[in-house]
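Just the one chain here, laid out as structure tokens, in the form predicted alone.
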Amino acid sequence: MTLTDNTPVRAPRPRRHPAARLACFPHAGASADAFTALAAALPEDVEVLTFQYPGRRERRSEPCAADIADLAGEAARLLAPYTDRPLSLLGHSMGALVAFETTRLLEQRGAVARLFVSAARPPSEDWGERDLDALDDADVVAELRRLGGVPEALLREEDVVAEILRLLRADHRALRRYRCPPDALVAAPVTVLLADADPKNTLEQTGGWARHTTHGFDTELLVGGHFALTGRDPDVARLLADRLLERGSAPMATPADAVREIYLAGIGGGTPALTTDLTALEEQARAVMTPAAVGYVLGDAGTGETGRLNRRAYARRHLVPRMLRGAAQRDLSVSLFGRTLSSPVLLAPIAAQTVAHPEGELATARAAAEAGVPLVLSTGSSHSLEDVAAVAGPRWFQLYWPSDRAVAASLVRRAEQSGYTAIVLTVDAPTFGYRPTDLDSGYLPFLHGHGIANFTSDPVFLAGLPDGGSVLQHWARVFANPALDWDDLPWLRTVTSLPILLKGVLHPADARRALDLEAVDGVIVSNHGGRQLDGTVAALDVLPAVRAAVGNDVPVLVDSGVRTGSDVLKALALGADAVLYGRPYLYGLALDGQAGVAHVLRCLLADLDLAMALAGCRSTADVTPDLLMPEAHPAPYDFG
């Protein structure tokens, strides 16, 4: 295809043999001409392509796009032929959303080298844009003057202003209509361009772009206001050229950078507010929680032997790192059920989190979203699944199957409608375990109002409440379901189209039977962190047998005893696709709310990133069984 002024994709300065291409998407109300100065400033070996939105200039006869997705669909189709050279995309303000969605579409056909986003908040966040249709012309022009994007001389021309307002209002309708899933990801690295005097965006607001990429994120500060990118600053062109041509560009941010940042802060005497030793958080959290909360959060079943076995299983296995593998950059991402996760870590479902902190699951969800780590929300949440979904990123819903099938169906359908993308059916807790720490204090958080919000907000549950009956008594009748058996599982498949994982599997025969019933899509090897049946085998010890039983194509996750990045590496080497990470993040929640959870996740991912580097693993695909020393005395139990 020849690029001309008559096609939506244009080349202001065509290059015969470019080393790289940069496709640019303008801001609301603008045309492709916004990038003329930038195209002229870039070197000869970079070809700039600009995308002209409908409704302006040579496309004026076309209606303006009503939806960001329409713009992205057209752009992806027209740009597909130009991926014979490394193609990066750049979007300014609203154009960042178009560039992001175009990148997602192009990546279905091939790689995008890099995504640049300028003066733009993350796509899954509310931009807080005002409804321009509700403002008069003078107010909109005043906002244009504040942002500085249009020369004052043009703002005195009535016909020019009328045309700008026509386009601006139309584009803002599409912008306000745009909705992005919080777990939407691109594989391309993302570079955020942020001007130091931008009145609309701050470093804090733009930082959430990190959770929308699996291959690194960084921020470059520009000098100027909201339109610093489209000005004539030669430093901007040099910065882009260095990244596009990989000339001395800074390495992308990685989880391990957290370690460097801590050391740099230490030069000025700064130290982390919480310990970075993820195995020491328990003692710190114990000091800030009430005795009843300590008993519930820290307590194990019976003598606590299973909890100790879980940790010993990890300690018993030793890594054999490989050297000189060129692991300067690590790819921590994994793929589960057709979605790419930025790391092989999900937050395990933990009930009644308000016993640790008043914000409970809301604080946890916000921290998980910031880290790009999926949250598995417990049925026993202290906040409704809808309220948690409103602040969460990628999320799954864990189901304790109630004794009332109608309530079970209602919970699952609510989760599906609220953007949860998998159902985790927990089967190792048909009744509460024998936990002396809870029993000695006579404390069960649910009976004190913690962890029942999904029931008190459920219309089917409330419809079954006897007239004048107690909510807690009705909850107690419905919550536990010890009669659940294998014959019930196929029914759940009729309720939802989401992937279903069976959590609490320890015997390989149980994993195989679940798959034979065609009722589940994956399994989670778990002994409930030692909180259910005392004396149970360690989850890690049976992981290889479960993996062998289900084969390599079925997702297998593991929890129970995971504490460090090296633990995650060991679990992956023994056959897990990912881990569920439990109590340490709750300790962080107890210690410092959302910031505490964020600290724990930051430390865990940094530890994992460094562990992969030190073990010689460039990606999770490199984590194989030969990374572990064979056990001298393997467990003798034969599963037959």
Ligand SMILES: Cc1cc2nc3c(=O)[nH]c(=O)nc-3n(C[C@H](O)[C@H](O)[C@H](O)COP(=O)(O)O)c2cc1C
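Residue indices: 1-based, along the sequence shown. These numbers come from a predicted model, not from an experiment.
From this point on, the text means the form predicted together with the named molecule, which you will not see here.
* Asked: Thinking of the named molecule in the predicted bound form, which stretch from 382-390, 164-172, 350-358, 365-373 has heavy atoms inside 4.5 Å of it?
  -> Selected range: 350-358.
* Asked: the named molecule isn't shown here, but in the predicted bound form which of Arg547, Arg121, His528, Arg211 has a heavy atom within 4.5 Å of it?
  -> Looking at the other structure, the residue within range turns out to be His528.
* Go through Arg395, Arg330, Arg243, Lys503 and name the one with a heavy atom inside 4.5 Å of the named molecule in the predicted bound form. => Spelling it out, the residue with a heavy atom inside the cut-off is Lys503.
* Any of the heavy atoms of Val117 lying within 4.5 Å of the named molecule in the predicted bound form? -> Because no heavy atom of Val117 falls inside 4.5 Å of the named molecule in the predicted bound form, the answer is no.
* Examine Val562 and determine whether its closest non-hydrogen atom to the named molecule in the predicted bound form is within 4.5 angstroms. => Yes - in the predicted bound form, heavy atoms of Val562 and the named molecule come within 4.5 Å of each other.
* Gly29: heavy atom within 4.5 Å of the named molecule in the predicted bound form? -> Contact check for Gly29: no, nothing within 4.5 Å of the named molecule in the predicted bound form.
* Do Ser378 and the named molecule share at least one heavy atom pair within 4.5 Å in the predicted bound form? -> Contact check for Ser378: yes, within 4.5 Å of the named molecule in the predicted bound form.
* So which bits of 269-305 sit within 4.5 Å of the named molecule in the predicted bound form, heavy atoms only? -> Sequence-ordered list: Tyr296, Val297.
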